[in-house]
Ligand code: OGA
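Read the single chain below, which is given as structure tokens and is the form predicted alone.
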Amino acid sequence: MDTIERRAPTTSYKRFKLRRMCGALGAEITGVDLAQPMDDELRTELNSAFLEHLVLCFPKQNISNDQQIAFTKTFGEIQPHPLYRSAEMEGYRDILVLEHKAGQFFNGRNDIWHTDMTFKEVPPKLGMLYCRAVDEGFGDTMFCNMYKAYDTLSEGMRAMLDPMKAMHSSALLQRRNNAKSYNIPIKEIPPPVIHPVIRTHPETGRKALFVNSSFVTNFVDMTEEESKSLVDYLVDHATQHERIYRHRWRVDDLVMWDQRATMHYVVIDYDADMHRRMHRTTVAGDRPF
């Protein structure tokens, strides 16, 4: 049975105001203009809030493509997506355009629980989405807390999972993308990689469940058929309501999330006529351990 977690006091910050969005994860940051250069003190405070809350939302920003790239680089080296390129902007390869219009999902639907690019040997550290077009109340993104997913497993399950490893592959992504004629086909994919099922966060030292529906094909030394029920159970456990923050997008929201301790899912609840456009940037991470 899950234990009740006491609410820890939230750190106070000098350079901005922070409001928790729910008990699971997520915080809104106000008083910061992302169009302006970032000094060391502000970057340090933002990183502290990021590590504590895992998802940060900056509402009512007005930034250019170059300014989004500059803000992203304050947290590390930008990592372009190695496979998606269907809505690429000339001169901005670092920005991945995720767009729906006229019934077409350029660069995928993403209505599956996942952590981005875990099919890479070195998956991302964090992701950022800047909302360029949306009808408020539709096309929300849900995030779940993978620290809490691990912490609320039984002692026996944690003991079983701690030494286990899983195979991650982009084959499902390739099939989903190539099923739509308006996306550029993904012709070649990298070979599968092996990651720990439980990873240790390189900055906080906390353990997090590191399994997702989109890229995990099987556990090492187990077949895909044998693995499926355990993968399904772990994803279902991680995505219980009390471990989720659901972000309702507004134009000019910028949201950043920790790829090392979260999964996310896009809610496809809108019709063919709604225009939804997001600009995503990604920061390179560390090899999971």
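Sequential numbering from 1, following the sequence displayed. Keep in mind it's a predicted model, so treat the numbers as computed, not measured.
A second form of this protein, the form predicted together with the ligand, is not displayed here; the remarks below concern that form.
S.K.: Using a 4.5 Å cut on heavy atoms, which of 72, 152, 141, 214 is close to the ligand in the model of the complex?
M.R.: When the ligand is considered in the model of the complex, the option within 4.5 Å is 141.
S.K.: Going by a heavy atom distance of 4.5 Å, is residue 129 a contact of the ligand in the model of the complex?
M.R.: Yes, residue 129 lies within 4.5 Å of the ligand in the model of the complex.
S.K.: May I ask you to state whether residue 25 is within 4.5 Å of the ligand in the model of the complex, using heavy atom distances?
M.R.: Flag for residue 25 set to no.
S.K.: Please run the contact check for residue 116 against the ligand in the model of the complex: heavy atoms, 4.5 angstroms, yes or no?
M.R.: Close contact exists here: in the model of the complex, residue 116 approaches the ligand to within 4.5 Å, heavy atoms only.
S.K.: May I ask you to check whether residue 86 falls inside a 4.5 Å heavy atom distance of the ligand in the model of the complex?
M.R.: Residue 86: no, not in contact with the ligand in the model of the complex.
S.K.: Specify the contacting stretch among 106-114, 159-167, 180-188, 197-205, defined as having any heavy atom within 4.5 Å of the ligand in the model of the complex.
M.R.: Going through the listed ranges, the match is 106-114.
S.K.: Which residues from 267-281 come close to the ligand in the model of the complex, meaning a heavy atom within 4.5 Å?
M.R.: Contacting residues: 276, 278, 280.
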